[in-house]
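As structure tokens, one chain now follows by itself in the form predicted alone.
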């Protein structure tokens, strides 16, 4: 592996590495107002949620990598301490690209992008009506890490109201990942569409077997990878059957691998023990 030391490597190269390696990232489409009430709308992919009590999100309108100047979003929120964050869907991506262009301060990106203002209830900045998930937020804290080109600053915001389109809500009250059809940011000009890659994993609520407790024959398999071992170890207890099969290790492990690739852990274990 090659190593890159941010203290000696140029910032643009570190930026390319970070945005390409720390990905995909959700996109915060942030709406803010300046003191005169002029709207600003801009997307930021240095963004995520960080708690629910209180509900906290954070995003970074980093200083311009070319000029070192602060983003208009940052200046507006420091003036008014309010913003909305709308989630970006696949149908919105081309309009988001328009909103991200470096316009002069005072230019309304809602107008440039053709996106629609949705009046907020608890804060002044509007949300984006085309988004199925909008958060009204107030600034809790601004953390500045320096004022050079590309320097980070964090806008830590409390979510005071959430608006969700009923079409993306599940019966249990969650968000349907296929219905919401979010877009995430990669490096350079690349994005990814979340619903095209949706899959489920178990969410353990109890201690699991773990790879260390698998039989040695399985742990040292030349056929089963770490992913396969983890699938086999995602149980609360090991199967009680002992391995009793005339088939060679290779044939049993190849059969197990085939079942695991289909997500069928039970059949994989039966292949391993010879049932």
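Positions refer to the first chain, counted from 1. Since the structure is predicted, the reported quantities are computational estimates derived from the model, not experimental observations.
Although not depicted, the form predicted together with a small molecule is the subject of the following passage.
- The three marked residues, 38, 110 and 138, fail to reach the small molecule in the predicted bound form, with no heavy atom of any inside 4.5 Å.
- Residue in contact with the small molecule in the predicted bound form (any heavy atom within 4.5 Å), chosen from 167, 143, 101, 121: 101.
- Between the small molecule and the residues 208, 62, 229, 49, the one pair within 4.5 Å by heavy atoms in the predicted bound form involves 62.
- Remark: residue 221 does not count among the residues lining the small molecule in the predicted bound form, judged by a heavy atom distance of 4.5 Å or less.
- The closest heavy atom approach of residue 191 to the small molecule in the predicted bound form falls within 4.5 Å.
- The small molecule is not drawn, but in the predicted bound form it has a heavy atom within 4.5 Å of residue 73.
- In the predicted bound form, residue 92 stays away from the small molecule, with no heavy atom inside 4.5 Å.
- Contact with the small molecule, judged by heavy atoms within 4.5 Å in the predicted bound form, is confined among 102 to 110, 159 to 167, 78 to 86, 122 to 130 to 102 to 110.
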